[in-house]
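One chain follows as C-alpha cells, the form predicted on its own.
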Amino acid sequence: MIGTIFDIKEMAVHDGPGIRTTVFFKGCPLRCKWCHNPEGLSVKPQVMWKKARCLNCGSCRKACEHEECRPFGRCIHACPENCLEITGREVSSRELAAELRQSAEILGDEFGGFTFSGGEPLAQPEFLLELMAELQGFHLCIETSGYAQADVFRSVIGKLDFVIMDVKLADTELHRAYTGVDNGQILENLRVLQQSGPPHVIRTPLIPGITDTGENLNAIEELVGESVWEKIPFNAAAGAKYEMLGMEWFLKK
C-alpha cells in the first residue's frame, strides 16, 4: 500500500509516552483556521518557497527535463539559494516501516514507540493499518482529530496502545465555521474511545477568541469527563508556513 507523508520527527517527547518517532501523514479533511501544519492539509506533494532568501533570478522558472519537477511547473533543483523545498512524498508501508525501525534501533531500550500524526492519519486508513501491522511489537500512538467513520476509528484504535485526540470546539455550528466540518462524528468517536479504547489524552488547542473562551472550555470539560485533558498553547510561529505555500492565514494580523 502506498501512502503520503510529509515529515518524520525523531526524538519527539510531546507525542506520547517516552522518546518517540512521529510520522506526519499528508492530507486532512478538516480546514481549521489556525492549522499549524498547513503543509499537511493537501494529500498531494507541494512546493514550499522560502521567499526571504529568493534572489528573483528566475532560474527555477526555466524549462527542465526532471520528471519530479513537472507537477510543479518549475525546477526544484535550480535555485542557487535552495529556496524551494518539496513537502510530501509517496512511500510504501513496507519501505516506511523499514526506515522507521532503523530510527528505533538508535535508542534501543530508551525508545518509546511510534506516533502517527498529520494532517490526519485516519484520512489514509488502509495505509495506516498496513504500517501499524508492519510495526507490530512497538508501542503505537496516534494524534487525531477523531474525524472518521466509526468503523475506521474503531479498527484503528483497537490496534493502538495510546490515543491523543483533539476536541477543539463543543458547539456544532462553531466547529463547522472554524474547521469546515460538523463535530457529530468526532463526539461519537470520543465516546467510543472513552468507553472501550486504549489509554488516551484529550487535547484542546487554545486559539485566542475561538477555542479559549470560558463557554467553550466549560462545555469541553463536560464532554471530557474523567479523561485526561490537556490545553495546548497557541503557536503563532506556524503562520510563516502559509506564505511559503502560497496560502492565506486566517489568523494573520
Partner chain sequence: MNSRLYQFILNKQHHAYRHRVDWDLAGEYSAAGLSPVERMADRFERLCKEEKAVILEGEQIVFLRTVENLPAIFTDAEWEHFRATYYIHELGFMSNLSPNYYDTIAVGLLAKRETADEDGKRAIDNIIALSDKYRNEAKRQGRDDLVEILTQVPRYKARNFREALQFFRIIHYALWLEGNYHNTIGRFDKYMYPYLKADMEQGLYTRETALELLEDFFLSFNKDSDIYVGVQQGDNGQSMMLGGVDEDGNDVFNLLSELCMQASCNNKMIDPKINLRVSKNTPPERYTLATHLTRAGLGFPQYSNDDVVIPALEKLGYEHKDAVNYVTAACWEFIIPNVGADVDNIAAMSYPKAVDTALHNDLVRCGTYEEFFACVCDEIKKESDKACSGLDNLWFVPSPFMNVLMDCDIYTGGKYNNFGVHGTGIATAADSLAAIKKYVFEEGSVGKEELIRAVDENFENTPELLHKLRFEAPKLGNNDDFVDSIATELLDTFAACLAGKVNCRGGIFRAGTGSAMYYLWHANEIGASPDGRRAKEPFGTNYSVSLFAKVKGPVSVIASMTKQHFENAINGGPLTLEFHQSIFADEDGVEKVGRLVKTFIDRGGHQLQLNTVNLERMLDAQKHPEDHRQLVVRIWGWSAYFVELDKEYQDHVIARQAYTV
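Numbering follows the first chain given and starts at 1. Because the structure is a prediction, the values reported are computed rather than measured.
If you look for the form predicted in complex with its partner chain, you will not find it shown, but the lines that follow are about it.
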With the distance limit set at 4.5 angstroms and only heavy atoms considered, check whether 1, 91 and 95 all reach its partner chain in the predicted complex. no
Contact test in the predicted complex: residue 231 vs its partner chain, heavy atoms, 4.5 Å: no
Partner contact for residue 173 in the predicted complex: its partner chain, 4.5 angstroms, heavy atom: no
Look up in the predicted complex whether residue 110 has a non-hydrogen atom within 4.5 angstroms of its partner chain, and give yes or no. yes
Just to confirm, residue 240 within 4.5 Å of its partner chain in the predicted complex by heavy atoms? no
Candidate stretches 178 to 186, 165 to 173, 96 to 104, 117 to 125 - the one whose heavy atoms come within 4.5 Å of its partner chain in the predicted complex: 96 to 104
Of 44, 51, 61, 66, which one comes within 4.5 Å of its partner chain in the predicted complex, counting heavy atoms only? 66
Sequence-ordered list of residues in 70 to 86 near its partner chain in the predicted complex, where near means a heavy atom within 4.5 Å: 76, 77, 78, 79, 80, 81, 82, 85
